[in-house]
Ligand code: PCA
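Given as structure tokens, the chain that follows is alone and in the form predicted alone.
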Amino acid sequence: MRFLKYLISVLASLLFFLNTANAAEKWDMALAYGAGNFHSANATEFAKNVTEKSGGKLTIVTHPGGSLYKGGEIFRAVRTGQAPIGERFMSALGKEDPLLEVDSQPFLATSYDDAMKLYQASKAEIVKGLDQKGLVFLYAVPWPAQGLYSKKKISSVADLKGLKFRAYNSATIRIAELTGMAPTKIEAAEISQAFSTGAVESMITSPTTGKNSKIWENGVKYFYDIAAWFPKNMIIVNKDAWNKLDSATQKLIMSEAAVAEKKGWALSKKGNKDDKKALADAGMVVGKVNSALKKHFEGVGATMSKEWAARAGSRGQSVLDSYK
């Protein structure tokens, strides 16, 4: 009888252990940007908070700098379940869904207030589109306002002609086409090499990206603060991985995602100011374009917004109507 009780006790303990083990999940989180980037730092804090508050039900381990999957691979990896969670630059996914490009239409939103209004107007359609692809949307955070970098001074529209231009999505490729620049698609991690080898000599991106890559060390002397758009990174989860979690853990994740989103927007605003100062402190010329160039870029933006609305169809027009 004693042995039977002992055996039952052992079996019960084993069953409890197995249930606990089965209940615990570990997610590897793919991040494209380096650990020091504010997007990665914010995502790491989000992962830490979820891990600590889930009571052992979920552990999220971050892998910054493209160490798990490179930036261009993350969306596919999360969608196919190779990575349960990851971060991706939204407008690089225009071929997946034109709605993901809305935040990179030039001069549609040129301030943080407008960027938030555009996000609120487009979020429901973006979430719906991702859901249809087997993905759960958690949060999105913008980069600081996109400016024009160049190795040489740009004083006129003619100075743009033939300029070797770093593109990272279909919107930046189209800008190059409409301004006469020559685009080459290059991920953020390859920027320094591209400029140092002469593969490119200009780009439109945030002051943060320029600061993080120490772009001035590669012969880039000018940053024109054109505030062209506020593109966002989003955090997405594979729906099958999501469905393995209990409702309490899902609720926790969404709560921490809201916290991370709010903090991320604040960090972006801070970087928009501090990182432009860092470029100037490093010896770069930081300023505005002249009125003729500003008018030219705004015309390019108007053309691209019309083209985007045509691609996005009724969903895109609904977003624009809501935004305006």
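Numbers for residues come from their place in the sequence shown, where the first is 1. Not measured: the values here are computed from a predicted model.
There is another form of the same protein, the form predicted together with the ligand; it is not shown, and what comes next is about it.
Segments offered: 71-79, 200-208, 150-158, 239-247. Contacting the ligand in the model of the complex at heavy atom distances within 4.5 Å is 200-208. In the model of the complex, the ligand sits within 4.5 Å of a heavy atom belonging to P231. Y33 belongs to the set of residues with a heavy atom inside 4.5 Å of the ligand in the model of the complex.
Contact check for L138: every heavy atom lies farther than 4.5 Å from the ligand in the model of the complex.
Mapping the unseen interface onto this chain, Q146 counts among the residues with a heavy atom inside 4.5 Å of the ligand in the model of the complex. Proximity to the ligand in the model of the complex, defined as a heavy atom within 4.5 Å, singles out one entry of F89, F165, F195, F223, which is F89. Checked against the ligand in the model of the complex, the residues A188, L252, L108, L130 give one hit for a heavy atom within 4.5 Å, which is A188.
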